[in-house]
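Only one chain comes next, encoded as structure tokens, the form predicted on its own.
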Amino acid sequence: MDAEIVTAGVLVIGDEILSGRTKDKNIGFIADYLTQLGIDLKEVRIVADDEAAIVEAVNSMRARWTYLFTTGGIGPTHDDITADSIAAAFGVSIDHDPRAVALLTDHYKAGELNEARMRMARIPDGADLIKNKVSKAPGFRLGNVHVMAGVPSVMQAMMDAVAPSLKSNVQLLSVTIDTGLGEGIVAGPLRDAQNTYPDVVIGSYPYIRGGLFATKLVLRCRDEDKLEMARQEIETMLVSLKGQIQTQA
């Protein structure tokens, strides 16, 4: 029996992302990070700071994928409602967590830990904390949902803390082929190749260089032998196509 493929979704939370005021820098980082771990990122969503929208997205995505990673909305301001929304999605209570309170108390000087900052110690019941070596305010994990900060440096620290606990797949291997031909020329034969090698994901990426319209192919597979067989067949196909073009010319 084939091993279960480990998958993930990313949920970005924040009005500032949707308005364009803040440019997201986390999706690409998480995608690269998960690829290196051998985890297949399957879905990315962006939702507003709206509890109903967050609850719907969290419940939908956590049911669909092995892991869900959220970014944003766990800071000290009134519109940081992610923690409360996660609690609502799981149907659990939320309150100041003694572990989180201790982290913040150790971090801030006397008198600096005000009511707003204490909001960052509110953790849903039953959640494990995610360490944050940058600013100490923790993220948390509840079920298969990992709730992380929106600030890129903090989110990256949390990903480092989370990574050792994640299951992963066999590393996804890839090869790149520069066809030198337009996408319209290679599209038909590529469809045939994809049908022949269903376990090899074939991506087609057109480009323009020096007035030339051409296509790069990226082949991805976890089986090295299947990947090599597909590469050889596609390269043979490209030689044939180029020969036909030269003959017609």
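Everything numeric here is computed off the predicted structure, so don't read it as measured data. Think of the rigid core as the biggest set of C-alphas that the two forms share within 1.5 Å after superposition. Residue numbers here begin at 1 and follow the sequence given.
Quick note: we don't show the form predicted in complex with a further copy of the same chain, though the next part is all about it.
Requested in this report: Tell me, yes or no, whether residue 199 is in contact with a further copy of the same chain in the predicted bound form, where a contact means a heavy atom of each within 4.5 Å.
Outcome: Looking in the predicted bound form, residue contacts with a further copy of the same chain do not include residue 199, since no heavy atom lies within 4.5 Å.
Query - is_contact(residue 17, a further copy of the same chain) in the predicted bound form, heavy atom dist at most 4.5 Å - result: Result yes; residue 17 sits at the interface with a further copy of the same chain in the predicted bound form.
Query raised in the report: So in the predicted bound form, does residue 223 come within 4.5 Å of a further copy of the same chain, heavy atom to heavy atom?
Result: Contact check for residue 223: no, nothing within 4.5 Å of a further copy of the same chain in the predicted bound form.
Query raised in the report: Is there any non-hydrogen atom of residue 80 lying within 4.5 Å of a further copy of the same chain in the predicted bound form?
Result: Yes, residue 80 is a contact residue.
Requested in this report: Have a look at 94, 129, 116, 101 for me and say which one sits with a heavy atom within 4.5 Å of a further copy of the same chain in the predicted bound form.
Outcome: Contact residue from the list: 116.
Query raised in the report: Can you name the residues of 193-208 that have a heavy atom within 4.5 Å of a further copy of the same chain in the predicted bound form?
Result: 194, 201, 202, 203, 204, 205, 206, 208 sit within 4.5 Å of the partner.
Requested in this report: Once the core is aligned, please say if the CA of residue 214 is shifted by at least 2 angstroms between this form and the one not shown.
Outcome: Indeed, residue 214 is displaced by 2 Å or more.
Query raised in the report: Does residue 237 move its CA by 2 angstroms or more between this form and the one not shown when the core is aligned?
Result: Where the cores coincide, residue 237 still shows a C-alpha shift between this form and the one not shown that is 2 Å or more.
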